[in-house]
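Shown below, as structure tokens, is a lone chain in the form predicted on its own; questions about how it binds or moves come after it.
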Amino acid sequence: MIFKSLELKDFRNIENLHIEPGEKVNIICGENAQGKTNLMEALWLFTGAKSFRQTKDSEFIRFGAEKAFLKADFYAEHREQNAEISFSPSKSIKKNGIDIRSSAEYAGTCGGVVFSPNHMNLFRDGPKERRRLADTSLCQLYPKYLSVLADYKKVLEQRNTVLKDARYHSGLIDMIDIYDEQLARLGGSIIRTRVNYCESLNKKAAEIYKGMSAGREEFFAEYKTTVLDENEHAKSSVSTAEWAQIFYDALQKTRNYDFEHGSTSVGPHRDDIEVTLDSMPVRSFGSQGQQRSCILSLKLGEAKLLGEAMGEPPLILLDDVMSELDSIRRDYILNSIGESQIFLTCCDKELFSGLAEGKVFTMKKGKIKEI
């Protein structure tokens, strides 16, 4: 996906904005609270995804205005296209002049990957954030994966309810077998999909991290599933049916424990993605700069996989990514990422002094100017 032009009216703090970005790197520079992240958010909305800031639609409208309007001309799906998004306060979308009934119908038009400061929680918080990293990408790659996740969550909730209520109604115990079979079937599919994805992602991310660190550290990401013993490793050679059986067996082993605690203790809802540098867990031993570099490598690796699946490079949005990175890593981001169109925000002009080719814009009070 490549943006040719973008127009915003009454979006967030932006009253009126028009930008014609370059096809490669675009730097958006300015002090905090000037609208840089708002611009990135607007670009992201054209991928068909929800805001990466978990925003309500009504919050997009500039204070005092009645409607927010976004318009873009872009190249995607191997042709020139355009789209319009408006919030008044409900959301409406037009693609190539035709009304789109839902975001789901629009999704898939434009692929994109975003890094925001919130992603720094990937290692600070628990496994849930790391599972979300994989699932968000997998939903773009395989639309059916979302429905499998939803079905799994539903069965998991039903099993947990039975585990809690069986203390008071012993007749419910026999129902667990039914839920175990359903959970194992759905969970086996999820585990295999995640394992395969993480193996592919690790190859891409390790290559990127090697470039960013000039080969000084060895990156490795591995899917860790609770249905295996702690010293066992998940492998992509295991089939979906085999994972379903492994999961089912794990549910039998932990059944008494689950009844005692009223919840399901093993399965993809408890799994994790472990990232190491030189065999040391990044979440425990990595510096701020190392953690940021690892997250960037994962996100850029995600972009590589998405590009291969879609047949064209996805949009890459990097919001406030340059802080805490040394000059080698900054130079790699500016000049070595690849074929994608990139938008990158920063506060300090000195941070993009190594840019070899691209456009630089300044942003102040919601207004943008190329320099």
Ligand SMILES: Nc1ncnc2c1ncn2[C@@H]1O[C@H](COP(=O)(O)OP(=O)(O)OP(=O)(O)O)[C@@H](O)[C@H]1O
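Residue positions are given as counts along the sequence shown, with the first one as 1. Nothing here was measured: the structure is a model prediction, and the numbers come from that model.
Quick note: we don't show the form predicted in complex with this ligand, though the next part is all about it.
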Contact flag, residue 26 vs this ligand in the predicted bound form, heavy atom cut 4.5 Å = no
Is the gap between residue 54 and this ligand in the predicted bound form 4.5 Å or less for some heavy atom pair?
-> no
Flag residue 35 as yes or no: does it have a non-hydrogen atom within 4.5 angstroms of any non-hydrogen atom of this ligand in the predicted bound form?
-> yes
Flag residue 308 as yes or no: does it have a non-hydrogen atom within 4.5 angstroms of any non-hydrogen atom of this ligand in the predicted bound form?
-> no
Of the listed stretches (42-50, 325-333, 308-316, 55-63), which one has a non-hydrogen atom within 4.5 Å of this ligand in the predicted bound form?
-> 55-63
